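Take a look at this single chain, the form predicted on its own, given in structure tokens.
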Amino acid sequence: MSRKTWFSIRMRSAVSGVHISGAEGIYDKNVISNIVKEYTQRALIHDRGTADEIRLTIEELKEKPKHISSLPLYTLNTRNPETAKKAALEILTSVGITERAIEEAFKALDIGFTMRGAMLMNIEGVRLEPDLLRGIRVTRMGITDEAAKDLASKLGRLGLNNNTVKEALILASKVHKFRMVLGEICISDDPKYTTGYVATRAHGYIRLPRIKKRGVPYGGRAFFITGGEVKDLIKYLQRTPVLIRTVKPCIGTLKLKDILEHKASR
């Protein structure tokens, strides 16, 4: 039996040089044309404007994707940026990240400039990525057809079956399979999307509504890391292909104390 061929498909679009949308996944070669059409339509029909530049990368994977499970998903009913940031602080400090590091991450995410990739910070708040202006972009991740159906069903029951939630969960699930990563915080750069998230291997993926005010056009990601070689982590984030094959529970709104007491199954 011949080996299955997988392709990484990545899309980035911009208006007058300003990023407006992106998408990516790992797909069988038989659906490439359909995915290219879907991604192009997403670039051309977007709340932030119609793209005048669309970049598509289609790359055959030489390495067989690793199968992983998704992080479990929860939501906290945070009422405003202050309560969302307080919740993020409590969750991330519970896994050993210092308050200083978390505060430095929030400062960097609030300066009005969105990096192309994520920040890498140690638990004391020192930036470790080679290019502090670009950051590290996580690529080459996807989900199997069966798992995608399962995820859509679970998110659908919560009213969350949309590309924004699904793609962020897939990305976070890849990131947190690498043992160096202790936690993550993410704020969308979409001015109309005000729900951010924190993620840890111990607790899962935790949605934080109203983490920023509506109309704020910037955001970003920070990964908090400890131990190991940074170059090995970067290689994994950028080059190692992974596919989600198993979907963990997606649960509705919980209280912060329930999140802190919960430990996600590995």
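Note that residue numbering begins at 1 and tracks the sequence as displayed. This one's a predicted model, so the numbers in the text were calculated from it and none came from an experiment.
Another form exists, predicted in complex with ligand PML; not displayed. Remarks below refer to it.
Heavy atoms within 4.5 Å of ligand PML in the model of the complex: does residue 203 have any?
Judged by the heavy-atom cut-off of 4.5 Å, residue 203 is well away from ligand PML in the model of the complex.
In the model of the complex, does residue 139 have a heavy atom within 4.5 Å of ligand PML?
Taking the distances in the model of the complex, the answer for residue 139 is no, it never comes within 4.5 Å of ligand PML.
Report yes if any heavy atom of residue 78 sits within 4.5 Å of a heavy atom of ligand PML in the model of the complex; otherwise report no.
Although ligand PML is absent here, residue 78 would stay clear of it in the model of the complex, with no heavy atoms inside 4.5 Å.
Might residue 182 be said to contact ligand PML in the model of the complex, defining contact as any heavy atom within 4.5 Å?
No - in the model of the complex, heavy atoms of residue 182 and ligand PML never come within 4.5 Å of each other.
Could you spot which one of 168, 101, 147, 87 gets a heavy atom to within 4.5 Å of ligand PML in the model of the complex?
Only one option qualifies, and that one is 168.
Just to confirm, with a 4.5 Å cut-off on non-hydrogen atoms, which of 164, 153, 83, 93 contacts ligand PML in the model of the complex?
Looking at 164, 153, 83, 93 one by one, just 164 meets the 4.5 Å heavy-atom criterion.
Just one stretch in 186-194, 124-132, 104-112, 173-181 has heavy atoms within 4.5 Å of ligand PML in the model of the complex, so which one is it?
Stretch with heavy atoms near the partner: 186-194.
Do any residues of 84-119 have a non-hydrogen atom within 4.5 angstroms of ligand PML in the model of the complex? If so, which ones, in sequence order?
Heavy-atom contacts to ligand PML in the model of the complex: nothing from 84-119.
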